[in-house]
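Just one chain is shown here, as structure tokens, and it is the form predicted alone.
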């Protein structure tokens, strides 16, 4: 008969007495060991990258020159911390070590934190900043103004990141300009030398060459940790930015990030997008401003002409009547003419009497009479031309005054087809001053007119009057 063996197969580890743990079991065992051995510890280190998600928890790492330890502060404890975690700050953190089975790592759950002094990187950065500032590389007097509307903008950044897309998009929205990109590494060991060479390269471009020389430079990079941005703290980059003859805008990191290139640049932007806004104005705003200034110019010119026209009208009303300007001269001329005729008659009569007396005197006096006669003849010969000249001068003066009177008199205006309307003693200048009976003065006389009713407007259904023949 057949023997049937129902015993199970012992398997490959039938001879091994060590039990087999599941992943969860071993993770739990490690967690219990670590939490049991390090239930409460104090750890000194420099804070690295800090993350603040929307959940309210804080994640960062503590590091020294040989190791790094992840740390977390739960939301309820974060509000009670006496020191807010900041990158580069050296602290003493108190808490408990635990594990995170989902990622096979251990971490420090921080319950309290106290400052322990500046970190090594921050101390190095501060020493470098003071040394470069002592050389005058950060002085405000050496910073150049950024051109208001550059023709060409040079951008030094990574060509594959979101930074260049943000800059180009912002420039396109505000005022499209020509952009020349110099690709560089924005992190790591190659960052500093490449950025310095890019700044020097843009400055070395000749004006009018095949590659246009930028009017302004933008050095841009997104946010990151102190280590990620360290390339922009290198001395070679700071000196290249300070030596640039092209105005330079630094846009490294976000608003809270500060690097040494920010101090050496001519202008610092809190973000790359803000750098584009600082580089160019808004085209629509410029057009609106120009239109507004043009409107103001037109309005100002019209108002100026109107003010001067009103001023001229006011001055013309203050002028005296033209005939009054020559009344005194005409009167003086009449007086002189009257006196001249009397003087001529008196002088002639006096000389006639004197001549008669001389005729009756002896011969000696006749000789004197002859002399006087010759003198009289000379005076008579001189009198006629002098009188003619004096009369001509007076006539020319009268003619000149008459011409002035004609140019200023309203009668000249009447001769051109205008008329003066009077209602009694009042000149009618408005329709409100009209009277039933008025006097109209023309250039050749005056007529009296009677104001009639206004003309009747024809009705719509009334046919217009027929026009007579001109033939």
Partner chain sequence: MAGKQVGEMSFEEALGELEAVVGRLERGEVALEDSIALYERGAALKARCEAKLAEAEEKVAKITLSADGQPAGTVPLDAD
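Since we're looking at a predicted model, the values are computed, not measured. Residue numbers count along the first chain shown, from 1.
Same protein, other form: the form predicted together with the partner chain, not shown, and the subject of what follows.
Trainee: Please identify, from 176 to 184, 256 to 264, 217 to 225, 331 to 339, the stretch that has a heavy atom within 4.5 Å of the partner chain in the predicted bound form.
Mentor: Stretch 176 to 184 is the one.
Trainee: Pick from 139, 399, 327, 151: which has a non-hydrogen atom within 4.5 Å of the partner chain in the predicted bound form?
Mentor: Checking each option against the partner chain in the predicted bound form, the one that comes within 4.5 Å is 151.
Trainee: Taking the partner chain in the predicted bound form as the reference, which of 389, 105, 172, 80 has a non-hydrogen atom within 4.5 Å?
Mentor: Answer to the contact question: 172.
Trainee: Answer for residue 301 alone: is it within 4.5 Å of the partner chain in the predicted bound form, judged on heavy atom distances?
Mentor: Yes, residue 301 lies within 4.5 Å of the partner chain in the predicted bound form.
Trainee: Report whether the minimum heavy atom distance between residue 197 and the partner chain in the predicted bound form is within 4.5 Å.
Mentor: Residue-level check for residue 197: yes, a contact with the partner chain.
Trainee: State yes or no: in the predicted bound form, is some non-hydrogen atom of residue 164 no more than 4.5 angstroms from a non-hydrogen atom of the partner chain?
Mentor: Looking in the predicted bound form, residue contacts with the partner chain include residue 164, since a heavy atom lies within 4.5 Å.
Trainee: Taking heavy atoms and a 4.5 Å cut-off, does residue 308 contact the partner chain in the predicted bound form?
Mentor: It does: once the partner chain is placed as it appears in the predicted bound form, residue 308 has a heavy atom within 4.5 Å of it.
Trainee: Pull the contact list for 199 to 215: residues with a heavy atom within 4.5 Å of the partner chain in the predicted bound form, in sequence order.
Mentor: Going through 199 to 215 in order - heavy atoms within 4.5 Å of the partner chain in the predicted bound form - the hits are 202, 205, 211.
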